[in-house]
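Quick setup: one chain, the form predicted on its own, written in structure tokens, and binding and motion questions come after.
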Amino acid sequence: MTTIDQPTAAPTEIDEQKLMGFVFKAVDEVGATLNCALVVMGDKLGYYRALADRGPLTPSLLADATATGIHYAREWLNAQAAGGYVEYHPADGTYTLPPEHAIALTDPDSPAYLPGFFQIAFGTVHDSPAVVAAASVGDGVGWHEHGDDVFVGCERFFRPGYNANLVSSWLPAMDGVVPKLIAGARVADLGCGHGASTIVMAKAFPQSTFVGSDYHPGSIATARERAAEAGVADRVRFEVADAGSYSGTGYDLVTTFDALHDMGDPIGAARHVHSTLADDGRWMIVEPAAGDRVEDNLNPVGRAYYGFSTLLCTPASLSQDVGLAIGTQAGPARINDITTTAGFTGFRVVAGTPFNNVLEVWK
């Protein structure tokens, strides 16, 4: 028997400074992971609101103001100070929330409002064991299988952006849509979730009628409650239906907000939109901000969305028929391919924010 000596790979020289730099980056990542839960905690317990309303507070004063335990208030404040979310003043032992941070953490009407972003991330991480199990065999995890923090956090994150941009800039950027809405249009909001987008449009255009649809019964129940609270239930109807079976035809406008990439069969959904849209109608597709190449998305927003794609959106698509799983960072070119395959001939990017691309599609 002949023995063949295998060449031995040359030892890799380790850059100790680079190694330790990565270790401390990992430490920062662990702190950021824990801070996601701490922000949700501060939001739910009213810590941020108390700091915003009452100025500099000691742990004892914060605990009193929120009727919570002083030990939790103390450690939470120190964690927030270490992370740069609040400022610590050693001279008197107080903590303050900078006014800019207060806007992002306590003003739900601001487009910079962030608690919902943290809440959906917290819920997504909490539910990740089911995703790990599904990934090991290539299965999916349905949107409906997640907890309330995912549903509520999703609405709370996206709603401020819709409030700030949908009526003022996104709809006006589309060809001839606003005059129809003012006069009285028929609108279908596909994948409406809790109905935030539907209600924003219904409040702005009282002559138009709206049908919101979602396959998740719990979200539709919440949407109906929200419409009643907003005083638009007379012109908004919500139905439980998947993307390929919502009711009605001859719509002047169909909208899909941050949902197309979650669908198992986005091409089938696009074909159904094509069949329900009036000949001169428009389809507004709002998707997470993304470029068409991986390298376009290697940035903080892309990182967050790739994380959601792995743990939330791709599993949701894989849980449905077809399971195309285009991913949260599909990019406009991939969406254009879907709409063209479904029979649409027109496509353009009409607006955008740091978090969204706004696309106009027509027959």
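Bear in mind the structure is a predicted one, so any value in this text is a computation, not a measurement. Numbering starts at 1 and runs along the sequence shown.
Same protein, other form: the form predicted together with a small molecule, not shown, and the subject of what follows.
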* Structure fact -> Checked Tyr95, Trp170, Phe118, Tyr215 for heavy atoms within 4.5 Å of the small molecule in the model of the complex; positive is Tyr215
* Structure fact -> With the partner omitted here, the residue among Leu253, Ala290, Val273, Cys154 that in the model of the complex has a heavy atom within 4.5 Å of the small molecule is Cys154
* is_contact(Val131, the small molecule) in the model of the complex, heavy atom dist at most 4.5 Å -> no
* Does any heavy atom of Gly191 come within 4.5 Å of a heavy atom of the small molecule in the model of the complex? -> yes
* **Residue contact check: Asp258 to the small molecule in the model of the complex, 4.5 Å heavy atom** => yes
* Asked: Is there any non-hydrogen atom of Ala243 lying within 4.5 Å of the small molecule in the model of the complex?
  -> yes
* Region of this chain that lies against the small molecule in the model of the complex, out of 100-108, 87-95, 235-243, 172-180 [heavy atom, 4.5 Å] -> 235-243
* Asked: Is every one of Tyr162, Asp262 and Gln320 in contact with the small molecule in the model of the complex, taking contact as a heavy atom within 4.5 Å?
  -> yes
